[in-house]
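Coming up is one lone chain in structure tokens, specifically the form predicted on its own.
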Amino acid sequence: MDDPSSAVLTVQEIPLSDDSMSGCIALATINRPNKLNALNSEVMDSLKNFCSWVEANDRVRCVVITGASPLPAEEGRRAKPNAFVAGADIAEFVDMDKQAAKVKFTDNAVEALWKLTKPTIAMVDGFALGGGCEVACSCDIRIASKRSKFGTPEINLGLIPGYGATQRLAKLIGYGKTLELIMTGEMISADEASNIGLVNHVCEVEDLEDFTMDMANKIASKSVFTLKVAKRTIKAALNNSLDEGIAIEAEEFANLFDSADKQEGVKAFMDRSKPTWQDK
């Protein structure tokens, strides 16, 4: 796939700030501002295609996911608020039965994003509700503007989250807070999201993009091979006991001693030079 962009997903390949390195940051913008970037089938298909493109593209060293800014307000009408993703497109739920729902929510783009081996950052400006909160939770790091709001309001539709929030939120913020968010359906501020561990950093609106891209560049400057190992090893903590996880870490750590990038990293440190990663 040469270009993963679509009518509802704009993908930019942002060159690294360190021009001595090859590669790029893939910035994917969910582009349905008239619908507060709500997730419909077209968005989900586009995100899945994007994830396949990221895995196959050696130039991509880090991924940033965000939502499009609102369009200018029509004359005499109020401007729409900023949204990362304001949720799923509820119009698609009308007349959806059990079987159709199981298909739609089992093989989905949120899982594809979660399974990416490369680092992912959610850059959140505005509402991250329902499916939008779940997209953010499927990323490795979440950075939000002060005006952002998070929530899982599915309970108000007689539903629970279906893109993994009952599981990933519980791992991020704990059992009690997850129950509170899901059972009340209420929104929380970016600051509260940060306090409970849902968000890594909160920025002023005007600083959000620079802060996010600075972090993306820092991450992208590392060995992609080692980043994949780190991500895989840390995720093992979610599905294993402490003793099992420590054994997995020991194995992954030892394996890295036979990697080209361990040799390069140690040599560069000893020489007080900058490493040139081979990503293997």
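Quick note: we count residues from 1 along the sequence shown, nothing fancier. Just so it is clear, the structure is predicted and the values come from calculations on it, not from any experiment.
The discussion below concerns the form predicted in complex with coenzyme A, not included here.
Residue contact check for residue 119: none of its heavy atoms lie within 4.5 Å of coenzyme A in the predicted complex. Coenzyme A is not shown here, but in the predicted complex it comes within 4.5 Å of a heavy atom of residue 81. Contact annotation: residue 127 falls within 4.5 Å of coenzyme A in the predicted complex, judged by heavy atom distances. In the predicted complex, at least one heavy atom of residue 89 sits within 4.5 Å of a heavy atom of coenzyme A.
The chain is drawn here without coenzyme A; in the predicted complex, the stretch among 192-200, 149-157, 173-181, 135-143 whose residues come within 4.5 Å of it by any heavy atom is 149-157.
Exactly one listed residue, out of 255, 239, 34, 41, brings a non-hydrogen atom to within 4.5 Å of coenzyme A in the predicted complex: 34.
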